[in-house]
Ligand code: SAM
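Read the single chain below, which is given as structure tokens and is the form predicted alone.
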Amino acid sequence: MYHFFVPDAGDGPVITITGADANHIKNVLRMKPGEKIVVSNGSDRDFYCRIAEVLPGEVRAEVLPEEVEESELPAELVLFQGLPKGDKLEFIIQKAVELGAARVVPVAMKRSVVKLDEKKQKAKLPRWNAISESAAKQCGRSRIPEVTAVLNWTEALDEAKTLDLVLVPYENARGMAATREALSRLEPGMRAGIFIGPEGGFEASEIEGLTAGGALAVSLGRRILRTETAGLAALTLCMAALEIRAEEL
């Protein structure tokens, strides 16, 4: 079922969709009155709706009484991604949103080859968040995960201190036992972070800074993963652990 975001959805019995989404419904999907869609307010509520009218420039949808099944993970996962080269970050954002990340935080690390000044960041940030919104629609998320401005290392460490649990996939971690132990600590309701190094990996001092602050170094297996793969593998493990735990409660 097609999914759309309307910030004020739920304020009345009819939701009005405008802009690009209205155009997409009318001219691309060619949907007609009577067809069903899901509309989210982007933060905490989803609604099943039936299209009532397709008008020039807007689509009006009637809110139905049916409950929409919860699609968000029961914990907040924040991906701290070392800035990668090229357009890899766009791919990472898309897939991280599909896997349930609540936020994606690009981080300028010591081995990051890419350097983004304020002007370049200002140009890229809207695109990064547009990719997040598109991915959220595609996979039926209730919320649109935020992609933040690039943080420096000190800023990233400070933000990590506000989280309940921080995981650091690292090739020198002590095998899968550490991973199993770390995942056992991940509980519904937590705010957890995952730190991923850029193409060249972490500097030893960065790992020391993270672990000194309580972060847990974990392994993702015997193979060394690319930066665009490592975060997605870690998110997948966390997603599975949380979904399983939520079903057991």
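Quick caveat, the model's predicted, so the values are computed rather than measured. Numbers follow the displayed sequence, beginning with 1.
Just so you know, the form predicted together with ligand SAM exists too; it's not on screen, but the next bit is about it.
Taken together, Y170, G200 and R226 are fully in contact with ligand SAM in the predicted complex: each brings a heavy atom within 4.5 Å. In the predicted complex, at least one heavy atom of I196 sits within 4.5 Å of a heavy atom of ligand SAM.
Although the partner is absent here, V218 sits close enough that one of its heavy atoms falls within 4.5 Å of ligand SAM in the predicted complex. In the predicted complex, at least one heavy atom of A230 sits within 4.5 Å of ligand SAM.
Segments offered: 38 to 46, 51 to 59, 218 to 226, 24 to 32. Contacting ligand SAM in the predicted complex at heavy atom distances within 4.5 Å is 218 to 226.
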